[in-house]
Each structure stands twice: as structure tokens, then as C-alpha cells.
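Just one chain is shown here, as C-alpha cells, and it is the form predicted alone.
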């Protein structure tokens, strides 16, 4: 048995094997062999998830060796990329083709397969998560096939597997909808939380990207607004909060300290009240909380397991040092989020049951039906996902 852990070291596993796949052919063979052996397999990229999506006593397949851009269609503004490609590695190849991602998350170290597995997102009231940009994908399935799914082929698989949780098979490549390359200018300022909340409804609609980090002990909000610009890029790139460059050089940041995180998505209009309730919780339960609460927005989409499915969304994130026991505070925060119809981020800490998730996601059963059709024996499930399915 080998030992595996996620990026923070808090999620661990003792898999029978860790397989570093370097070709699509190997991925297909591995999926088929694992199914014949009656075992299980879970995929991993850079292991940034805080929820136990990867742990298995079967095989963990590392897809980071499947990396690089396969093809670019400049006219359709689409690119086909291998599943293990890190998001930060897409910036220059796409820029060279005059294209860029529609949006990016706060961190760009994840693989594109991992980011789409969990519905990773950036911020912007008009911008959707990365899974919503998936126009096609290839999956090595348990029966030894390589299924290619898109709007035109195997549409039922594509519809569900855009947000796949690694549960349909080994995703080997994805096609992404892009846009023309663009530069952005970022500005930052500080305010109290009350000052921020007073203008929040207006300001989130005034900028392409808007977010803030509220530091509870100082009652100080560090605010960032980012908009497209025709200004030339400014090098060397300035500190976070004052940058002007191509989108991939500005929208993501370096977050190197090991931490755990809980993030919930609530209806956009409920965001300010939810944050106020979290503030009340922290004053009671964690008055010395040193880590910021992150507030972002997200446009509605039609992706079945997306936290923004059919509703404009605000997301709130709590962070804790990876060495700390986060469960008491996170459970208390989850109770607050539940009062606001919150949906947990699939890559972050949560304690929801399958029954809970079914009540939060209107297409829950449809997603599982599509998944179970492709993998009826559960080769690509682990304990965490089985517990959610069997509720």
C-alpha cells in the first residue's frame, strides 16, 4: 500500500497503487484492467480538493502527465487540451493564438480536468464557472472504450460530465470555449465591512470581476475590482491589487500556505445577509479568527451539479491553517450557510449527506442516472461518492 495526500496534507489515502498515466492509450487500458479486476480507480491532478474526492483503496491515477494543447480552432474560439494541463500552462499557448479563457479562479495550479470536475470558478456577476465552458471531452471508460462527448455526440454524457467529479471514467482531454485575448486592469482599496455591504449590490455589477477579503479581527475588507482595458500591459507585473496585463497574468494569484477551506454558494441577493450572519458567528465562536472570508460572485448556468445551477450566485469562503482542527468552526458555519439555501463547493470541506445534496441540486438524480449508465459497477466511485449516491 502506498500513501497519498492532498495538497494541504489533511486528506490522505492508502491506495493499492498510484499510476502515473502518460498517454490516452494507457488510460484506456488502465480503466479496462481495473474494471476486470473488480477494483476501483480515482483520478487526481494537483490534489487541490479539500473534500475526499480522491481517496480509494484501489488505484489513484495521476493525469498530470497528460499535458499540453492538442489543437486550437481560432474561428470557433475553442481549444482541445489534455486533461492534466495546469491552468497556468494554458495562458501563453492561448495568447499566442490570440485567445484567452473566459475566466479563471483565484488559483491557477489545478489541472483543467480537476477544475472542471469540481466546478472551479473565478468571480464576476456575468461570468460562469469553468465547467460551463466545456464543449466536449474524452473519457476512458470501464468497458475499455474511449467515449467522446459533446453537444453533437453523446450529448447525454456531455450534459452531465461537464461537471464530472472524476466519476464517469478517466477524463483524458477537454474542449473549452474561449474568447479573444484580453487585458485587464486591477484596482484595490480597503473599507470596513459595513461600508462594503452598503454599496455591494451596486458595485458587483459595475465591474467585470469583483471580490473582497474580509479580515474579521480588523473589520477590514481588502477589495479588488478588475476590468478589461486597452491599456498596454505593465511589466514587471505589480503587486496583487494593482496589476495591468493579459488576463492569465492577473486573474489568478499565488496561494502557497497550506490551508483548509469551506466555500458555500448562496443566491446572489442573499449574499450580504449571509455574510452578516457569518460575522455574527465568528464574533461568538472565533473572535480571534486570523484568516479572511472571501466573497465572490458567479453567473447562473445550466450545469447540473454546478453550485450556480439556474441561479445567480454569491460565494463565501472560510479558510483555516491546515494544522488546525477546522471541523468545529466549519460545522457551525455550514449550519449558517444552510439557512441561506447554500450549496457547498465540490472541492472544499463540507459535511452534507446525499439527501442534503439531492435537495440542493434539482438535477441530482439525472446526473447519477447518466453516471451509472456509463459506469454501472461503480469502478470510478469511492466511499465518499457512494455515500452521497446511496443517501
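Just so it is clear, the model here is predicted, and its values are computed rather than measured. Positions refer to the first chain, counted from 1.
From this point on, the text means the form predicted together with a small molecule, which you will not see here.
- Note on the partner interface in the predicted complex: the residue among 113, 308, 132, 101 having a heavy atom within 4.5 angstroms of the small molecule is 113.
- Residue-level contacts in the predicted complex: of 205, 179, 255, 88, one residue has a heavy atom within 4.5 Å of the small molecule, and it is 255.
- Contact here is defined as any heavy atom lying within 4.5 Å of the small molecule in the predicted complex, and by that definition not a single one of 125, 267 and 361 is a contact residue.
- Taking the partner from the other structure, the small molecule in the predicted complex has no heavy atom within 4.5 Å of any heavy atom of residue 271.
- Within 4.5 Å of some heavy atom of the small molecule in the predicted complex lies at least one heavy atom of residue 105.
- Taking the partner from elsewhere, residue 342 is found to have every heavy atom lying beyond 4.5 Å of the small molecule in the predicted complex.
- For the chain shown alone, residue 56 is not a contact residue for the small molecule in the predicted complex, no non-hydrogen atom being within 4.5 angstroms.
- None of 145-153, 186-194, 170-178, 278-286 except one has non-hydrogen atoms within 4.5 angstroms of the small molecule in the predicted complex; the exception is 170-178.
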